[in-house]
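First, one chain by itself in C-alpha cells, the form predicted alone.
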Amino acid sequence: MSRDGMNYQPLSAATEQVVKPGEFVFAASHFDHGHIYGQISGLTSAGGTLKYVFDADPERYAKVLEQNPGAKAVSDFQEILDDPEVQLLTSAAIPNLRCGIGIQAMDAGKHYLTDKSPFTTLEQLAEAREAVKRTGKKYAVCYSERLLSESGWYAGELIREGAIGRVLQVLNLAPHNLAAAGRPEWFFQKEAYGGILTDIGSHQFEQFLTYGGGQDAKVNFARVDNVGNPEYPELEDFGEASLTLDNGVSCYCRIDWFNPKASRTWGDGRTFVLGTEGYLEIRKYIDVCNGGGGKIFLVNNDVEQMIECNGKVGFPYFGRLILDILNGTDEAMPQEHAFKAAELSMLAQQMGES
C-alpha cells in the first residue's frame, strides 16, 4: 500500500491486450501530475506502443523509458504533433493547461487522453466541444478513481446487470492525503487547479453518472472551504455537493484533504450505492484493519457477499478506448459523458464559491 496518491499507478495482470505491438502508437507528454504513469501503463497493458515522451524534466520520465525501451524522449513537443504514426496523445499537465494541449493535439490529427480534471473553466469545455466537432477526434478523460480501480469498474458491471435493482442513491466519500511538502507550487494556486470540486470532485461526478445511469443532473447544494490549512490560502481542503440526476437518482459526495496519518493508503475512497433490490459498498483502496482494497460488499435478495476484484477484472477502459479509436466507435466512455462529468463538477464549484 502507498500513501502517495499523486503517483498512483495500479497494475493488473487481468488487463486484456487488444492489439499487437505496433498496431496502436501513442505518445505521452506533460508529466506535471503523477497520474500520467497510470495512463501510460493502462495503454501499454492493453497493447499500445509508446513512441515518444515529452517533458521539461527528464527525471519525470526516466522510469517510463526504462519500462518502454522502444520509446524516445523528444525536446520539442512539435515532433510529436508532426508524426502521423502517433494516434493518441496522453498527458497530465497542470489542470488549467490541459485543454489547450488537447486542442493542439486534436488539430494535429491526434486523439487526446488527459488526466482529470480535463478543464478548469466552462469556457475551456466549450472550446473542447467545438474542437471535437471540428476535428472528429476524441477528447478522452482518465477518471482514474473508477477507470483504474478494478472494484470501481466491476461495481458498474454489477449495477448494469441488475444486482441491486433500480439505483436510488449514490454516495461517495473521498478523503485524500495532502502531503503538502511534496506538492508542486501549482497545486496551491486556485487558477491552476480550479477548485476542489472541479479537480478531484470530477471523479465523483463521473461515478454519479455511471452508477446512477444518468445523462445530466441538477446541482442542489455545494460547498467548498479551507477549514484546516490557513498557510495555503488558495487551497480548498474540503468540498461537498448534492445532485439529483435526470432520472431521479440522488447523489452526494464529500471530498477532503484530511486523510489521517495512521492510514496506510493515500485515501480510503468508499462508494455506497442503494438500489430497490439491494445495496453495495466499494472499498477501492483499503479495507481498514482487514487488509487490501479492491473489494465490493454486495447485499441483495439472494446473497450477502464480499467480492475480491484486484487481479481479476483488469482495466478494460484502455483497451476499449484503443478499439474505439481504431474502429471509429464510442464504447469506452461516450464523449458527452466525459464532458458532462466535468461540466457538473464545475457548476458545483461555482455554486460552492457563491
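Numbering starts at 1 and runs along the sequence shown. Please read all numbers here as calculations on a predicted model, not as lab measurements.
Unshown form predicted in complex with another copy of the chain; subsequent notes refer to it.
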Name the single residue among L274, L122, A73, A180 that comes within 4.5 Å of another copy of the chain in the model of the complex, judging by heavy atoms.
-> L274
Answer key: of Q189, Q215, Q78, S263, within 4.5 Å of another copy of the chain in the model of the complex (heavy atoms) is S263
Do all of Q169, N259 and I286 end up near another copy of the chain in the model of the complex, with near meaning a heavy atom within 4.5 Å?
-> yes
E240: touches another copy of the chain in the model of the complex, heavy atom cutoff 4.5 angstroms = yes
Would N310 sit within 4.5 Å of another copy of the chain in the model of the complex, counting heavy atoms only?
-> no
Going by a heavy atom distance of 4.5 Å, is V303 a contact of another copy of the chain in the model of the complex?
-> yes
With the partner left out of view, is N290 within 4.5 angstroms of another copy of the chain in the model of the complex by any non-hydrogen atom?
-> yes
Name the stretch: of 139-147, 169-177, 126-134, 93-101, exactly one has residues whose heavy atoms fall within 4.5 Å of another copy of the chain in the model of the complex.
-> 169-177
Neighbours of another copy of the chain in the model of the complex among 214-251 [non-hydrogen atom within 4.5 angstroms] = N220, F221, R223, V227, G228, F238, E240, S242, T244, G248, V249, S250
